[in-house]
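Quick setup: one chain, the form predicted on its own, written in structure tokens, and binding and motion questions come after.
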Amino acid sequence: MSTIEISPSPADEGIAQQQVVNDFSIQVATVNGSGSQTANLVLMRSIFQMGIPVSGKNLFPSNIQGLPTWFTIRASKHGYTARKKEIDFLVAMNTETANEDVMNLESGAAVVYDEPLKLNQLRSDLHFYPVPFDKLVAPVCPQPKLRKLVRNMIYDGVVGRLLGIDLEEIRKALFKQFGARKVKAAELNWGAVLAGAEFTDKNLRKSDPCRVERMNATAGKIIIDGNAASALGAVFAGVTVVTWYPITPSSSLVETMIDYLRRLRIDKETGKPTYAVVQAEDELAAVGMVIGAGWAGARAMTATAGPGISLMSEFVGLGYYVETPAVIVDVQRVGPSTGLPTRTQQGDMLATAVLSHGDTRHPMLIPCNPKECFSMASEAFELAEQFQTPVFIMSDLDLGMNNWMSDPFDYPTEPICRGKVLSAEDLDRLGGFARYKDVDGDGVGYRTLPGTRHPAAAYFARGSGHNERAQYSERPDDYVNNMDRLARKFETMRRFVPKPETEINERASIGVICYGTSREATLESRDQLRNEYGVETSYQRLRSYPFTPEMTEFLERHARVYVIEQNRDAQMLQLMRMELSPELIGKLRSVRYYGGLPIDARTITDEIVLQEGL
């Protein structure tokens, strides 16, 4: 092969470049359905295996195939895992978006592209690397039908060589991705990687500053998505009934859980499953089954997204009023209506907190990473049974479907607690009980499970007005007493829900509050504010609703507090307003991003700088 001339770059023009080591983002622009996901995951994992902190964000369309898709890999020696706003290294494989993708890059970025696209004619301030993908894939893959899938692996070889990724790490990641059952497919794709690497060695001259060097910052860590972590957490929490209706982006949670249940929940003596998974006709039916199973004594859950939450409203109100345990995982996406079903948002917070008609308030747990997805599954089931109420786990698409570097999960060691459940022996000793009577002052009544062999055991749940003994009643005082007790129960929850993650900076008059997946961008933004503007901040991440006293204490310590969230209407801030005094409300400021991409640090920094008048 003859050497390909690379378009003029800043380096070629004599502009001094500083090496950028382990601190850049790669964006791969391809077509949905082209098989690029495997190549992207292999590329990301190979960097991870070199000990470099890494994260992956997949931006894909809501159709099956044919539309543009982007996968962003961020390598950060500082451990930042939020989406980076700037793209440093582009792999342009989509003819429809290639020109726009290139024009959106900042000066000095690198571009690997399919040679026929001639992208090097668009700009002179980028580092261009043309690659004849079709010519390279033909000898590697004799079957024309497979070439569309195999050709993507060529850019793994090209990018690996340009960045200095150890090819052996790419090989290990590739064979891990395909697994033991697909060795031949892995070998075919490995040939494509080698073809790309060989072409790069012979024909491309490195001119961009990005490269990798081995670190030791990923030892003992894993890569996993939040949906898989939630599924595993629910299995370890003792779930026995799972109902669902498929909806993006929560479907993979139950699909993964089914795999775990088949491996871990089979009776060793009979060989029969000790669980039930039911695909319902819609989300309303799914949560109705969960309410029924929870009332019957099962640990039951469902997973859904915003549209499903809307449909579940009436049954969730029933669960709240008859006081039945249930766990609902909401993997939030962009709304309203169908919205952007494959984009991320924190858009269900306000609606879920008060879901259903009448006066209702529901506890919400808000994980920020896969490890919390795992642990909060157990916490949700414990809270649901302790307080006999539906509990929501508020994940989102970014957390649920994207790849996160995580510490290993802690094996649960605490025994399962079923809450205030009376046995037949308890009823013999007590002589009876009143289902909705507040005996202990915490707002939580005692219950019995259906099938308890005692004449005083409850066998009926009423969704209409009732008194302490679960008898039908429309008396105003019975209704008020019942609703006041439910409110008292919600207040009791404040002592048991997960407390916020807080870092107080004694030099800071400004505080930032975030929740969920806004955490990583917020932490990075704090460093930007300190390093670039000399602005010191304190930090708090809310992990649950109802709010705990730590949130009020944080507000009292600071002159201004920025609430960072991913929705248009500042939904968490609105929930805070419902509880705070006018003095504390006056301290609140809002930083919002709701474009559907995971929030980035620069967006937060720029907005705080603007509002601070800097």
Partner chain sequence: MSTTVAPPPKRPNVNRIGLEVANYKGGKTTLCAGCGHNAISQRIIECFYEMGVAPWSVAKFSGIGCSSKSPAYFLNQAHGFNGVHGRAPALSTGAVLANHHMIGIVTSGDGDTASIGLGNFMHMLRRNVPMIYIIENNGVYGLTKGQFSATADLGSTLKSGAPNDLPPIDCCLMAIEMGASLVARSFSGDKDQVGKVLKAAIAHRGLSLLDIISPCTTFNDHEGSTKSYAYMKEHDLPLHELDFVPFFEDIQVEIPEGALREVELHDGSKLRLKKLDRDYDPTDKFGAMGAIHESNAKGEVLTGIIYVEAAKKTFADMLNLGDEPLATLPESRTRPPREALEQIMEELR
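Keep in mind that this is a model prediction, so the values were computed, not measured. Residue numbers count along the first chain shown, from 1.
Absent from the display: the form predicted together with its partner chain. The rest refers to it.
Colleague: Residues in which of 108-116, 67-75, 372-380, 339-347 have heavy atoms within 4.5 Å of its partner chain in the predicted bound form?
Modeller: So the stretch in question is 372-380.
Colleague: Since the partner isn't included here, can you check whether its partner chain sits close to all of 56, 184 and 187 in the predicted bound form (heavy atom within 4.5 Å for each)?
Modeller: Spot residues vs its partner chain: no contact at all.
Colleague: Contact with its partner chain in the predicted bound form for residue 363, defined as at least one heavy atom pair within 4.5 Å: yes or no?
Modeller: No, residue 363 stays farther than 4.5 Å from its partner chain in the predicted bound form.
Colleague: Check whether residue 454 has any heavy atom within 4.5 Å of a heavy atom of its partner chain in the predicted bound form, and answer yes or no.
Modeller: Result yes; residue 454 sits at the interface with its partner chain in the predicted bound form.
Colleague: Using a 4.5 angstroms cut-off on non-hydrogen atoms, would residue 60 count as touching its partner chain in the predicted bound form?
Modeller: No, residue 60 is distant from the partner.
Colleague: Going by a heavy atom distance of 4.5 Å, is residue 133 a contact of its partner chain in the predicted bound form?
Modeller: No - in the predicted bound form, heavy atoms of residue 133 and its partner chain never come within 4.5 Å of each other.
Colleague: Find the only residue in 137, 318, 98, 247 having a heavy atom within 4.5 Å of its partner chain in the predicted bound form.
Modeller: By the 4.5 Å criterion, the partner-contacting residue is 318.
Colleague: If the cut-off is 4.5 angstroms on heavy atoms, which of these, 444, 162, 355, 322, is the one near its partner chain in the predicted bound form?
Modeller: When its partner chain is considered in the predicted bound form, the option within 4.5 Å is 322.
Colleague: Give, in sequence order, every residue of 397-432 that has a heavy atom within 4.5 Å of its partner chain in the predicted bound form, or say none if there are no such residues.
Modeller: Stretch hits, in order: 408, 409, 410, 411, 412, 414, 415, 416, 418.
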